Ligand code: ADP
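This document starts with one chain, in the form predicted on its own, laid out as structure tokens.
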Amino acid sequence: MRILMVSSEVAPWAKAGGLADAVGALSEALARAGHELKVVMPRYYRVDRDALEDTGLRVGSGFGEADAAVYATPLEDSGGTLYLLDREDLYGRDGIYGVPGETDFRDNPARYAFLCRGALELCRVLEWEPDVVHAHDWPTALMAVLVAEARASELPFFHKTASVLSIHNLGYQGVYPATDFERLGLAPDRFDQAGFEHYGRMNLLKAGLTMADALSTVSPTYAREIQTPDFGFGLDGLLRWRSADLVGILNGVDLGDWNPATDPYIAARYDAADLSGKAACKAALQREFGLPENPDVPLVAMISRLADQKGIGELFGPMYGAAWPICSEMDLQFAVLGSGEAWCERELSILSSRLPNFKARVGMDERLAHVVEAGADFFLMPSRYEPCGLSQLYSLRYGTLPVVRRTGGLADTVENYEQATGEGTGFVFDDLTPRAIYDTVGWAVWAWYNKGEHIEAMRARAMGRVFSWDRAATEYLALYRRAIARARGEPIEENE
């Protein structure tokens, strides 16, 4: 199958969040499986040209704008190719979507419209017609509209090409003033007909959800949640209308990068058959954060973007958050790594200064993330919503038991502890309240001190759960086949 993947970020070349990891890993898995894969993204300022091959090609948007140079690099050893569009006025700046003083660049509609149009133009230049175009989130949602227009035109290319749009986080939709529509290079009547109009503004994701041949999101539970008013961010009606074309496919984990048996960042290697190295990892984490080296006290950790989505108000809110009573009333240690909202960063500093068993590092650090995952006993994720989540998957792989809210991918991946039998791989709660967080952390701590044999069995069970990208790639291929059949007016096989 010929697959064109278009994304605003792809790890390891450019990353703002989990989207980059997912696109990079899925692309490699598809290419490893023998499919003909091309991935297109911008060449941002911090992506070194010297590490790339100058193809000598130039592509434009198709409606009179300046061209972009095209660079290329292999997708590791998988056989796919990554193409990067290099245009200084659009991508030659710090930041992917914005910078601290301007978190959403004003010209983002133009920047990502050029990416989408340039990706299709690149296919024409290469004389390579994809069977399916896979777009990701609002920055490339326009791909679905462009593919539908190309299929309906008299041009010789893309007549049999299908489109798939993946929702990684419905909370970000690419909503801009209606006057920005002219930057997309579409006929004026497409504003309403293709679904861009949204309460008088332009919504890029909404148009993609309207026009794509198939839709996916990153976990089965999240696929159901976004069809409800509580999680739909105003698009739940549209998603219910497209429900027959929407599937939830759980993200995977890079089993090479996240493997406690080979991890170069951690103090000692270990696996499910021999967990003895985890004790050295815990001591290393305690030293790193300035906590007393004590193997007998449970260590709760958290790595998070400090944003409302992650439940930070209920956990760290001054005067009402659960963190203070957890640390002042329970015999445990708490380590946090994260950055985000200024008030929360300040609160982490205050808690670190006042609580001897609470320490935080503001910022994100790849090495330290591995140290935390390997060294902690429990990993806390009190998310308001979580499309998939990666940290709980890393935690399971490292025998660090997740404490999570039952939502999205957290509900799909963490099995709740059964006190009577010792079954489960973590501790799960339903209501996002300070009390629920406090009680569930307390439940985990109680099990640590009173059911040690259960904790050990849960760790081994958690490490035995495999969330691979090869499994996800197989499910995406089935979705691609459904999209292709729909686009070509062919019958869809029942087993697809």
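Since this is a predicted model, take the numbers as computed values, not measurements. Residue numbers run from 1 along the displayed sequence.
We do not show the form predicted in complex with the named molecule, though everything after this point is about it.
For a residue to qualify, one of its non-hydrogen atoms must sit within 4.5 Å of the named molecule in the predicted complex; all three of 337, 363 and 369 qualify.
Although the partner is absent here, residue 483 is not a contact residue: none of its heavy atoms lies within 4.5 angstroms of the named molecule in the predicted complex. Residue contact check for residue 161: none of its heavy atoms lie within 4.5 Å of the named molecule in the predicted complex. Mapping the unseen interface onto this chain, residue 487 falls outside it, with no heavy atom inside 4.5 Å of the named molecule in the predicted complex.
The named molecule in the predicted complex comes within 4.5 Å of no heavy atom belonging to residue 206. Site annotation in the predicted complex: the residue of 312, 299, 202, 381 reaching within 4.5 Å of the named molecule with a heavy atom is 381.
This chain appears without its partner; in the predicted complex, the one residue of 417, 394, 324, 83 with a heavy atom within 4.5 Å of the named molecule is 394.
Screening 399-407, 141-149, 385-393, 178-186 for residues having heavy atoms within 4.5 Å of the named molecule in the predicted complex returns a single hit, 385-393. Scanning 6-32 for heavy atoms within 4.5 Å of the named molecule in the predicted complex gives 15, 17, 18, 19, 21 in sequence order.
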